[in-house]
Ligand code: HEC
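Before any questions on how it binds or moves, here is one chain, the form predicted on its own, in structure tokens.
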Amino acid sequence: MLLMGLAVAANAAAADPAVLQYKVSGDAIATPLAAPGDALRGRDIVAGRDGNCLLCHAIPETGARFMGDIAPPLSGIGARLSAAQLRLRVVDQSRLNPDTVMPSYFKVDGLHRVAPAFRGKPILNAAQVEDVVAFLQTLK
């Protein structure tokens, strides 16, 4: 079983080397995972099924009709948190709050109850994480 887990981790790293190479410092990941993100693509990820952020968060700036209310609203998040802090929250919110219901969008190791087809695969790739961070930074 351990060998299979190592193979999955190795496959994930081969598919996206940044998955296992980010460094957490305090409450942030200072180094971007990819090239600078695009806020318009990030908005599409946040509002669409790739990120599905509106399931839990209210983000009126998206213009969506229906938004969640079980997580904090994200309006103004770009004024409260740096890009590095936002990056960690998207990559792995459980580093800050072990009881969170928010999925780890980029972390692939140490997760439980992941369907076999999705093991070792991040929800968002490195470029998509940076796109989401770029969008969240616009929410002043």
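Note that the structure is a prediction, hence the values are computed from the model and not measured. So that there is no doubt, residue numbering starts at 1 and follows the sequence shown.
Here the subject shifts to the form predicted in complex with the ligand, a form of this protein not shown in this document.
- Across the proposed site, C53, H57 and V132 without exception bring a heavy atom within 4.5 Å of the ligand in the predicted bound form.
- Remark: I70 counts among the residues lining the ligand in the predicted bound form, judged by a heavy atom distance of 4.5 Å or less.
- The ligand in the predicted bound form comes within 4.5 Å of a heavy atom belonging to T100.
- Using a 4.5 angstroms threshold between heavy atoms, Q93 counts as touching the ligand in the predicted bound form.
- By the criterion of a heavy atom within 4.5 Å, A83 is excluded from the residues contacting the ligand in the predicted bound form.
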